[in-house]
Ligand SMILES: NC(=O)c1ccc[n+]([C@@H]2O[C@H](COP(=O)([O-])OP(=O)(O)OC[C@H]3O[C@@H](n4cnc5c(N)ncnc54)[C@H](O)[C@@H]3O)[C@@H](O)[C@H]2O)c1
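The chain below stands alone and is given in structure tokens; this is the form predicted on its own.
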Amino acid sequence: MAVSLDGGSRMGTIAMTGGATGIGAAIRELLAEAGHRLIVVDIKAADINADLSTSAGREAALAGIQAEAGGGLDGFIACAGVSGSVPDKALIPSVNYFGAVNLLDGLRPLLALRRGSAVLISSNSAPMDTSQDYVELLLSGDEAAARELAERTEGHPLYSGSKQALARWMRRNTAAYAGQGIRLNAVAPGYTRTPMTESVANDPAYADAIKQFLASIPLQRAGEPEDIARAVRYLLSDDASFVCGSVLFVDGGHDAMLRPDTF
């Protein structure tokens, strides 16, 4: 049974990564306001401080969540991520992809206990052309090779590739998880106004390009963290009890504009 997140009486226990700032903070606040118990993992200022770019950090995060969750989880949200502009490019595959799927795989038994659901934060950049060699390394689980390739690759295709692999992993595993009563879905945000994106927008080297990009959004505005948070809340809720294996674009119409014949 899914947890009721839209005014129902049953409160849930939900674990999430990346709840300190931006989209993650908005998700955390929205769910906490509804009375749900959140177990937040982040690199700092969280219930469980852990570095998800390392195997040791992921193991620490899993152990912490397992100790806190007790009788199971009603939901899990994989929101931790780094941008394509991060100086250490090897962090992109390790945090964005392996930090998400390894934790979800480790939490599968806890989610099964309560027939919970999980939401992965992908991106509307996921369908873009990227290095398929890199994506296949991610999907095959070869983190060392993916990190090595990342060190000699531009940041943007690394970011979009990590988000494409995340969505594809979700789709590939939907049926197996559903067999245990666990719904998997993903949200694909477009440009969203967060401290991370604002710092890029304020950089003179990128300011004009960002302005042009914002002007191209069909709804003619940037997304706000709350837009993404409300989509995550829906996918976790009873209202989405038959939504399984979907990628929900929350991007002001950008994906539809760019790929009108692909869905």
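Numbering starts at 1 and follows the sequence shown. Small disclaimer: the values here were computed from a predicted structure and weren't measured.
Not pictured, yet referred to below: the form predicted together with the named molecule.
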Only one of 40-48, 66-74, 201-209, 233-241 has residues with a heavy atom within 4.5 Å of the named molecule in the predicted bound form, and that stretch is 40-48
Partner proximity in the predicted bound form: residue 159 to the named molecule, non-hydrogen atom cutoff 4.5 Å: yes
According to a 4.5 angstroms non-hydrogen atom cut-off, is residue 22 in contact with the named molecule in the predicted bound form? yes
Quick one: is residue 218 in contact with the named molecule in the predicted bound form, heavy atoms, 4.5 Å cut-off? no
Using the partner position in the predicted bound form, report whether residue 80 sits within 4.5 Å of the named molecule, counting heavy atoms only. yes
Residue (of 107, 184, 95, 138) lying close to the named molecule in the predicted bound form, criterion heavy atoms within 4.5 Å: 95
Could you list which residues of 220-235 come within 4.5 Å of the named molecule in the predicted bound form, counting heavy atoms only? none
